Every structure is written in structure tokens, then in C-alpha cells.
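Taking the form predicted alone, here's one chain by itself in C-alpha cells.
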Amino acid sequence: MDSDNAGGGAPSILNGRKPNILYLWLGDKIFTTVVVMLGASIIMLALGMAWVLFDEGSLSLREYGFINFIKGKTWDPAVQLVFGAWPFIFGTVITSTMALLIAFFPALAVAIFSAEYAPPWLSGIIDNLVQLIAAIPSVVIGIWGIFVLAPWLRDTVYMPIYLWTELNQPGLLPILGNPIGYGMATATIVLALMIVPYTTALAKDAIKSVPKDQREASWALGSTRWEVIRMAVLPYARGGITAGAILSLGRAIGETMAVAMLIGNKNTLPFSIFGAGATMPSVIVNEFREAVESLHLSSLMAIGFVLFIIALIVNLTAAYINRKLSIGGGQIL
């Protein structure tokens, strides 16, 4: 058989026929143009979103100045018509960071068990359950939080702690706040539940990306299963695990409906552990339709611009950490 015809359906150049000029020039040009345009459209879309948020929020930023707007502690659209974003920035950072601290180690444990210990059939069930939890709409989780989680936390956790503190350490009551069930603690717990699937999935991907030779070398040295995971797998996958945790933090920062439904939506500092608070997404969703004053609407858009910047910083940080901590090309992101 002629080697030129061995490919059957191969391009015509393999059959001894020279491609025409249109195929050589136009096809490559079209492909390159389409790929570049699609790639550039993503960048332009992000820049366009940032510009719209900045432009719509420019009235507020000019009125107060960018730094003063961020540091402002008063948000009063009804009487004083004064707008400061710090209560919402503070609420966003606290709830998101604490949610990540609560969710990280359980999520990592699930990822390790699914990737290293569980048999294939059980690992598949765990993966499906993780994906199912991640697919639940946040408004459904918010409704569950209102009717199930918040009352249970109030009666079982918050109230006993509050009563004990009232009897033994009354000076701490302002820090705890009123245990009505809707507040910073409840929103933080719900956020932790919501980001567990993302942290688990990304951590498992990082662990599964560790080469088989890495494990076998550790087994050959007489390591136990836990020693293989601790000394061979986790150090190799640390970049992907850490970057996944940071991306989950970004998910928590941008969460809106469940937080707005459970955090209590208090617009002024100080916040308390059990008391009401607010985040940047929650204040936007709660007040956007009620913003009749131009300055009020502009301040909400300015908060959206600040939220965009924070989300961008979080994602860039995740990419940087993944690149710096990965070993031997073990990146997954």
C-alpha cells in the first residue's frame, strides 16, 4: 500500500496534491482572527463592566473621593444622604474570610478521602453529591436558612451562649449582640456551606493531578498511606489547593441572595457576632430598586465597582499563588 494513501481521510497534501492558495492563506487567517476576537471579547467585556460601574458611580466618588468613600462609616440614604462603604466592605471581608476558615479543612478532608481512600463507586457518589450541592440556587439555600437553620441556631446555639454570657460575662454581651437568628454568624455559616463544594472539587482536582510516580516513590521508601499523602501528595498539590481556596473566597465575596436573606442588613457599624450586618452584594440587592436619589444610586454603583476590584484582586492572587506554590508543573488552574 502506498504510504501516501495510508491515511484514507487525511488532508490532500498527504495524497501528493498541493493545497490551493485559498486553503493556505484564507483558512489560517480566518481561524486566527476568530480566536483572537473571541479572546479579546472576554477582556473587553471585563473592561466594559468595570467602566460602566466606574462611570455610574463617578458622582459618588467625586462627591466623597475614592478613599473617603471606602473609609466612610455612615450609610444614611433616608435623612442625611451620606454614603460610606466601610460597613459593607467590613461585613464582606469578615463573613467571607470566616466562611473560608470554617469550610477549608472539612472540604480538604472530603477531597482527600474521595481521591485517596474511597473506592471508585463511593468516590463517584461523593462527587455527584458535591456537584448537587454546588448546583442548588442560593435563593433556595436562603429559604432553607430562614425556616430551618436560623431558628435552630437561635434556639440551640446562640441563646444558650447568650444566657451563659449574661450570667457570667455580661461585659461581652455587646460583642455577641442580639441572638435573633439572623446576623453575621448565620450568614457566615451559610456561606461556609455554600463554598464547601467548590473548595472540595478544586482540592480534589489538585490531588488527582499529582503524578503516580510521586506516590510510588514514597511507597517504595516504606511510607504509610498517611505519610504518602502528607509528604508526597499534599506538597505537590498545595498550589492548586491554595488557589482553589482563594477562588472559593471569591465565590463567598460575591454571594448575594442567601446572605441578603440571612444577615439582617444593618447599614452601620459596629457589628456584633449574633447581630445584624451587611455586605456589599446584600446592600446592592436590597436598596437598588429603592434608590431614587442620584447620589444614592451612584453610591450603590460605586460599591459595585469596589466589589469588582476586590474580586479581580482575589482571582489574580489565586493565579499567582497557584504559580508560585506549584511543584513540577502541578498547576490545575
Partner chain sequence: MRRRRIHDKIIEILLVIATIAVLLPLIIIIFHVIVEGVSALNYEFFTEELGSPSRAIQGRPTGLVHTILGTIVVDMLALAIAVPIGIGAGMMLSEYPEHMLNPTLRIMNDTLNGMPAILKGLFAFVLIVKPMGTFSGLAGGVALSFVMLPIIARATESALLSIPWTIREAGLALGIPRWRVVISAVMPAAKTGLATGLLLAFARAAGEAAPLLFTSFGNNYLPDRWFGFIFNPVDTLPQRLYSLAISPYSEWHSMGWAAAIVLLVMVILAFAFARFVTRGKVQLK
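Numbering follows the first chain given and starts at 1. Superpose the two forms; the largest set of C-alphas matching within 1.5 Å is the rigid core. What you see is a predicted model; the values in this text were computed from it and never measured.
The discussion below concerns the form predicted together with its partner chain, not included here.
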Check Ile70, Pro151 and Ser294: does every one of them have a heavy atom within 4.5 Å of its partner chain in the predicted bound form?
-> no
In terms of non-hydrogen atoms within 4.5 angstroms, which of the given stretches 122 to 130, 168 to 176, 154 to 162, 76 to 84 touches its partner chain in the predicted bound form?
-> 122 to 130
4.5 Å heavy atom contact, Met301 to its partner chain in the predicted bound form = yes
Contact flag, Thr317 vs its partner chain in the predicted bound form, heavy atom cut 4.5 Å = no
With the partner left out of view, is Gly264 within 4.5 angstroms of its partner chain in the predicted bound form by any non-hydrogen atom?
-> no
is_contact(Gly48, its partner chain) in the predicted bound form, heavy atom dist at most 4.5 Å | yes
Of Ala201, Ile94, Ala245, Ile207, the one that lies within 4.5 Å of its partner chain in the predicted bound form (heavy atoms) = Ala201
Going by heavy atoms, what in 254 to 273 lies within 4.5 angstroms of its partner chain in the predicted bound form?
-> Gly254, Thr256, Met257, Met261
Rigid core fitted, then: does Asn68 show a CA shift of 2 angstroms or greater between the shown form and the other one?
-> no
Taking the rigid core as reference, does the Cα of Met49 move 2 Å or more between the shown form and the other one?
-> no
Large Cα shift (2 Å or above) at Val292 between the shown form and the other one, core-fitted = no
